[in-house]
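Let's start with one chain on its own, the form predicted alone, as C-alpha cells.
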C-alpha cells in the first residue's frame, strides 16, 4: 500500500479510538470536567501527563532543532527535562496538598485577592494560547504532507477532533484519551528510531547507536561522520556550539522554570486521589517522558546524516520521491540559482576564506535549499527508505502528540474562564450545570482562536512553545514558588511581580519577533539573550519586584501564613 493509504488507515483507526474513549468517559459534573473526579490511577495519570507534556514541540520540533543546531539544540532537551524534574519534586506535591483545581485558584486563595486571581487568569490564558499555537501548526504540517491537503485545511480538521473530545469529555475524557495517545506516540517515535539505528550503526538501541560507529565497516563514529559532512558544506561542527554561553543558560533556565509553571501540566496532579499518588504519578511520568527525550538526539543525528548524504550536490532530476512530496507542502524549497540542475545546500554565510574560495571555484552562487526544521522527524522514515507503514505510523504519532497537548491546554483555558473568572469573580452563585456549560462554551471559543493561531503561527513549533515557556517562567512560576515557600509574600508583591514579569517578557518577544524581526539576532538582543531565553530575565524581575513591594506593604493575614505552613511542613513536624 502507498504512504497515503497507510496514513489514512492508521490515523483513522487512532482517531476512532480517541473519539470512542472520549464518548465513553464523557464528564457529567464539574469535578469530572476539571480534574476527572480525582480518581485516576497514578500509572494512568503518568501516561496521560507524559502525553500532555510531550507536545508537537517534543515529537516534531525538538529533534529538528537539534538536527539543525547541533549541540546548541540541546538547550531544549535540558530545559524541558530539567523543568519536569523541578515541577515533580518542588511544586506538584505541595499544590496537590493545597487542594485547588487550577493555578489561578491557588494564586487567588494564597494571595487572598481577586485581583491576583484575575492577573493569574490572564497569564494562564497568554501562556496557553501561545502554546496551543505551536500544537495547531504541528497538526497542520502533518496533514499537509501525509493527507495531501493544504496546511490550513489540516489545522481545521485537527481542530474539529480536539473540539469533540475536549468539549464533550473534559478532563475525564482527555485523561483516558491521552493514555491511548501516549501509547501511539511513543510507539511511533521508537519504531523508526530502532530501525534506523540498526541500519546505520548495527545497534538496535538508538541511544547507544548515537555514540557508536557506522555499520559500513569504516570504523568511523556517527558524530565524526556528521561533523565531517557539515564541515564540507561550511556549517559549524555538529558537536560544537555557536550560541553565546549566556543565551544558552538563559534559554535553559526559561524552559526549565517555565515548565514548572505550565498550568496544563500542574492540573494533572489534581486528577489522582492523594498526595502520595501525585508523587507516584510524577515518577511514572518522568519514566515515560525519558523514553522519548533520550531518543531525540539520536534521531536528530540519524536524520541529519541521511539528509546531507542525500542532497549534497545531488542532481535535482535524481532526488528521491520524498523530496518532491515535501516540496508540494512548501516546507522544502529548491531554487536553482546557478542553473546547473544540481542542489547546492551549504552555509552561504560562512566567511572563511578557504571555504569561500572552494565555493567560488565550484560555481556556487548561494544556498539553493530551504528546509523547514519541523519536517525532519516526519520526513526521517522516508529519507531512510523505511516501509510505508512506518511513515504512516509516524504521522499518527505526531498527531497524537499535538492533539493531546492541545486538548490539555484548551481545558486550562476553559477552566480559567468558567471557574476562575465566572464562578470566582463574576457570578459566585452560578449552578454546577451553568458552570459546566460556561466551561464548554469557553473551550469551543478557545478551539476557534487556536485554529487561527495554527493557521498564522509566529514561528517554528519549538520556537513558539519556547515563547510560551518564557511567559510562564516570567509570570506564574515565581508566584507559585514564593506562595509555597515564603510566608511573608503578600498579594501586593505577587501581583506587581506577575505584571512586571509578563509585560516585560511579552514586550521583548513582540518587539523582536513582530515589530522589528530584522533585528532578531545577537547584535541587537539585550545582553545577547534571545527572545526564547528572555523569560529568565522576566522571572528575575518578577522576583525582585515582588520582594521589594512585599517589604513595604502589610504581611499576609495569620490564617494565610498558617495555610502555607500546613501545605509545606509535614503534620508530625508541625506538632513540635
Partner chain sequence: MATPEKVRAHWRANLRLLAVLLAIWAFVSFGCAIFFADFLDRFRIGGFKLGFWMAHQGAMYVFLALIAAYVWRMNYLDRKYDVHED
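Computed from a prediction, not measured in an experiment: that's the story for all the values here. Positions refer to the first chain, counted from 1.
One more form of this protein, predicted in complex with the partner chain, exists but is not displayed; see below.
Contact check for residue 371: every heavy atom lies farther than 4.5 Å from the partner chain in the predicted complex.
Contact check for residue 239: a non-hydrogen atom falls within 4.5 Å of the partner chain in the predicted complex. Although the partner is absent here, residue 74 is a contact residue: one of its heavy atoms lies within 4.5 angstroms of the partner chain in the predicted complex. With a 4.5 Å cutoff on heavy atoms, residue 357 does not count as touching the partner chain in the predicted complex; it lies far away. Of the candidate stretches 104 to 112, 347 to 355, 120 to 128, 205 to 213, only 205 to 213 has residues whose heavy atoms lie within 4.5 Å of the partner chain in the predicted complex.
In the predicted complex, no residue of the candidate spot (152, 161 and 445) has a heavy atom lying within 4.5 Å of the partner chain. The partner is absent here; in the predicted complex, the one residue of 455, 199, 386, 85 having a heavy atom within 4.5 Å of the partner chain is 85. For the options 437, 287, 231, 426, the residue carrying a heavy atom within 4.5 angstroms of the partner chain in the predicted complex is 287.
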